[in-house]
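One chain is shown next in structure tokens, namely the form predicted on its own.
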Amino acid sequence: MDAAEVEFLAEKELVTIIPNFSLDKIYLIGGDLGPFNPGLPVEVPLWLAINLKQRQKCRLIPPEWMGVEKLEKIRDHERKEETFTPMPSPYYMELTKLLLNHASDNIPKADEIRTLIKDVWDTRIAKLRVSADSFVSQQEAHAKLDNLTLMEINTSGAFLTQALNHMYKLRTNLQPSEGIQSQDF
């Protein structure tokens, strides 16, 4: 799975918008949405919220966790803990990127939020690298990846898979085969 596919999955997450148009409930394969009334908040998938925002049909309300104070707490907690801490959304990075790219005018302190999310991401990726290094150097057979998001796994998954394949090949080549007998002169 690549980053675009993870972003596609993230676009199904529900966000709150305040529409500036009226429309009855719409019936989609993924579920019913609406009704849409001017000034009344309604939850819609991110893909629809972005589409409506681009057509200037709504105002996006950032998720409650997307505030500077909450993100500072998340960042500080992540830095203090040795293990990965639960994130407010399984798609925190993708949601932030999409919302800031398409609706930064609706998000207070957007630049600070962008910096805080980047700090959290960098901290978590650094932890992941240290964990992977420890995993490889100790020649472990399995790892526990609690509280990692799909994008974080996707970021390091290809590298880690290739490294483990190379390690396996090296180990199998170094071990003497049982069926081969040494020649005695």
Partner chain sequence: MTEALDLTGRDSDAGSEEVVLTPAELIERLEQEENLRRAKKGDLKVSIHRMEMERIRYVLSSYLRCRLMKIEKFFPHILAKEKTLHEGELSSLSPEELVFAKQYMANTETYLKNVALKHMPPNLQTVDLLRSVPKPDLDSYVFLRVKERQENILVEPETDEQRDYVIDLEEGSQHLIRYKTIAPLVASGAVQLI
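Numbering follows the first chain given and starts at 1. The structure displayed is predicted, hence computed values, not measured ones.
A second form of this protein, the form predicted in complex with its partner chain, is not displayed here; the remarks below concern that form.
Task: 4.5 Å heavy atom contact, Trp47 to its partner chain in the predicted bound form - done: Residue-level check for Trp47: yes, a contact with its partner chain.
TODO: May I ask you to state whether Leu148 is within 4.5 Å of its partner chain in the predicted bound form, using heavy atom distances?
DONE: Output for Leu148 is yes: heavy atoms within 4.5 Å of its partner chain.
Task: Touches its partner chain in the predicted bound form: Leu52 (any heavy atom, 4.5 Å) - done: Contact check for Leu52: yes, within 4.5 Å of its partner chain in the predicted bound form.
Open item on the list: With the partner left out here, check for me: in the predicted bound form, does some heavy atom of Asn173 sit within 4.5 Å of its partner chain?
Closed with: Output for Asn173 is no: heavy atoms all beyond 4.5 Å of its partner chain.
TODO: Select from 1-37 the residues with a non-hydrogen atom within 4.5 Å of its partner chain in the predicted bound form and write them out in sequence order.
DONE: In sequence order, Met1, Glu5, Phe8, Leu9, Glu11, Lys12, Phe21, Leu23, Asp24, Lys25, Ile26, Tyr27, Leu28, Ile29, Gly30 come within 4.5 Å of the partner.
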